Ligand code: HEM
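One chain comes next, on its own, written as structure tokens: the form predicted alone.
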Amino acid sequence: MLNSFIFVVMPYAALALLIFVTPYRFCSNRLTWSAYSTQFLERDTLFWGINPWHYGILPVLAAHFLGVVFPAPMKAFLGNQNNLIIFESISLALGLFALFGCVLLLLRRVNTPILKKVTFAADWVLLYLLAAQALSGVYVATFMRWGSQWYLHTAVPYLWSLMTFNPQIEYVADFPLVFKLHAAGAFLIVALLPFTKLVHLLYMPFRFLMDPPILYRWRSK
């Protein structure tokens, strides 16, 4: 029952919300599409949180997608033991980097009173969920070693079965609970994405990495 809910109900529900709610929000209220800037309220911790988070999580997500889109080349690449060790080490380091940034961003919201006034319930839910997702990912990478390899033989076929509307949960049904929670967290983030500020990543998700810092100046009368 739990497996069916996590690996069948949640992914299709998340996909439906992403497909239908996202364009509705985009067309009905573009002003809420972008994340609100809080740099002028607090910028020191923001710098040390946002950069590790973005530069850590984006390569990790890219690695996940590469395994789904190009499973055969990835299997050949990771079939080499040296490549596997290097890939796993870099992935774990990036995961820790992202977790560090996410925790800083969360603590920034908690410890800065002025930010609490512009932080809504959806922001708290999203921050805690992202931190938990990063933490569970680091746990899997640390204690369920060589995940990048077994991911290609289990999670990838399962994801392809979802895309063909013939979910085969036997590929992932026997995994430990922490993996199932990690998968459930990913589906939940996708489901919440259209309702939160995180939706801005759907609009040119990499361009902001090349943008210069925003400089705020007070306008005196």
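In case it trips you up, residue 1 is the first one in the sequence shown, and so on. Quick caveat, the model's predicted, so the values are computed rather than measured.
The following text describes the form predicted together with the named molecule, which does not appear among the structures shown.
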Any non-hydrogen atom of His54 within 4.5 angstroms of the named molecule in the predicted bound form: no
Ala183, heavy atom within 4.5 angstroms of the named molecule in the predicted bound form: yes
Exercise: Trp150 in contact with the named molecule in the predicted bound form, heavy atom 4.5 Å: yes
Heavy atom of Leu61 within 4.5 Å of the named molecule in the predicted bound form: yes
Glu88, Ala155 and Ile189 each touching the named molecule in the predicted bound form (heavy atom, 4.5 Å): yes
The named molecule in the predicted bound form: contacting segment from 140 to 148, 69 to 77, 100 to 108, 120 to 128, heavy atom within 4.5 Å: 140 to 148
